[in-house]
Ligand SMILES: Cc1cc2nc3c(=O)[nH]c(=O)nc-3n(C[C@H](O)[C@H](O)[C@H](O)COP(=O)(O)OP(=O)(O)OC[C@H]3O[C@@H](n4cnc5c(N)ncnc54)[C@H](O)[C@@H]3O)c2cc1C
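Have a look below at one chain only, the form predicted on its own, in structure tokens format.
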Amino acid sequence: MAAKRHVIVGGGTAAINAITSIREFDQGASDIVLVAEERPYSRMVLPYYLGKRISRSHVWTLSPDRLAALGVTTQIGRRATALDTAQQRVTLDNGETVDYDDLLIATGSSAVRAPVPGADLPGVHSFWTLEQADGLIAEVKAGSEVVLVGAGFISFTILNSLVKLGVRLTVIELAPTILPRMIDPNGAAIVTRWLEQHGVTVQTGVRLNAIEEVAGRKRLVLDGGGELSADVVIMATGIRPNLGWLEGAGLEMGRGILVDDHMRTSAPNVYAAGDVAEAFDRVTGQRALHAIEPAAMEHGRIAGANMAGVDRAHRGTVLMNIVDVLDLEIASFGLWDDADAESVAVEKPSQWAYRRLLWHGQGEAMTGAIIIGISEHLWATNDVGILKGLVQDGQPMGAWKRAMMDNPWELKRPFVATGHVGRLLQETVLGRPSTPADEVNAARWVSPEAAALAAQTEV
């Protein structure tokens, strides 16, 4: 009987976690084929690469040797162009086809530029892929005037590196406040003042109409007649799931591919994970598109287990964003912007500290939180983890809810007293402790010929 063939399209966090999860359970009994446009690397470390804190060699994740040890056959540099769910077949950009017994779609997302004239000019960059990072690194240097278009999470992941490179940085944002999909206006005002104190110019409520080339520099034409001049422009105006190749495949779609709690799509033997998957939100119980690293990791683990024949259901992910901006910690969790929630907000201006805690309706379970504080303050780091845990656990807090509303600065006692610590310590994605990554090794179960073939595959 032929070994089961798992085909995984995409080489990011979701794909990697699916591969290791499959191998944890089947110990090399199946065939895994990885189809990826790029050699697998970590998108999360690209800001550190931009800031010259790590070398290019530290960006890669799965090396040829590691892929061989996992018994993975690769199609690196190939792009999936079509899916035939009836024939269980994926078509590649070179015309070849790959048949599957089951398939994981983990094609991630791509940066979207604002639809303005000049957005595709040389010197106008996105920052989402390694290739885009290389392009930006080649142009940015100390003293460069840089305009960052968009003041969302993506912008803020690279802001530190740009400032430390010595650029003169201006951030413009269409919304009335910065980080509009991460923190409320009160928190945004604190972060704006912090940025300005550190030499970053911030302009909000600004619409970009066009980008023009003028004497080797860029001129940004703003609504109302204003202008900005820059050596380099970075477009950080959002991302979009990579779903175009699935047109005609018949999968049920919303903003992403609709999946159940096992990461199964509407098509038999087809799974989806990561930025493309519209999976369950743990707080609301509804499907949502969470293009965040923790979701990709959890999705991949759950999909991999089920592809290996081990029944595992996902509890859902908590929407979260955490970023350090010039040593100011900023984080939000769950339904942080719920207008109907019962909430409390407090600020310590002298310490650059702010937090907002939310409970929905009459419930005693925390459903959202925002926290801002200087990174070197131990309470900021500790309380980020506590708030994430409280929202994730979703259990009633009883009388401790009132205690937290009376004093939102004291989180440790309620966190411990309500049993959240014990419950969260026992919780794992797969319902049991995972095997350490370096112990997941299929080499002793695959044939020497198969291992040699995987090792020789160009990646």
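Each residue number is its position in the shown sequence, starting from 1. Since this is a predicted model, take the numbers as computed values, not measurements.
The same protein also exists as the form predicted in complex with this ligand; that form is not shown, yet it is the one meant from here on.
Contact check for Asn321: a non-hydrogen atom falls within 4.5 Å of this ligand in the model of the complex. Contact annotation: Asn242 falls within 4.5 Å of this ligand in the model of the complex, judged by heavy atom distances. By the criterion of a heavy atom within 4.5 Å, Phe127 is counted among the residues contacting this ligand in the model of the complex. For Ser332, no non-hydrogen atom is located within 4.5 Å of this ligand in the model of the complex, even though that partner is not displayed. Stretch 150-158 is the answer when you ask which of 171-179, 150-158, 112-120, 201-209 has residues with heavy atoms within 4.5 Å of this ligand in the model of the complex. With the partner omitted from this view, the residue of Met366, Met307, Ala296, Val259 that lies near this ligand in the model of the complex is Ala296 [heavy atom within 4.5 Å]. A single residue from the set Ala279, Ile371, Ala106, Leu103 has any heavy atom within 4.5 angstroms of this ligand in the model of the complex; that residue is Ala106. Residues Val9, Gly10, Gly11, Gly12, Thr13, Ala14, Ala15 are the members of 5-27 with a non-hydrogen atom no more than 4.5 angstroms from this ligand in the model of the complex.
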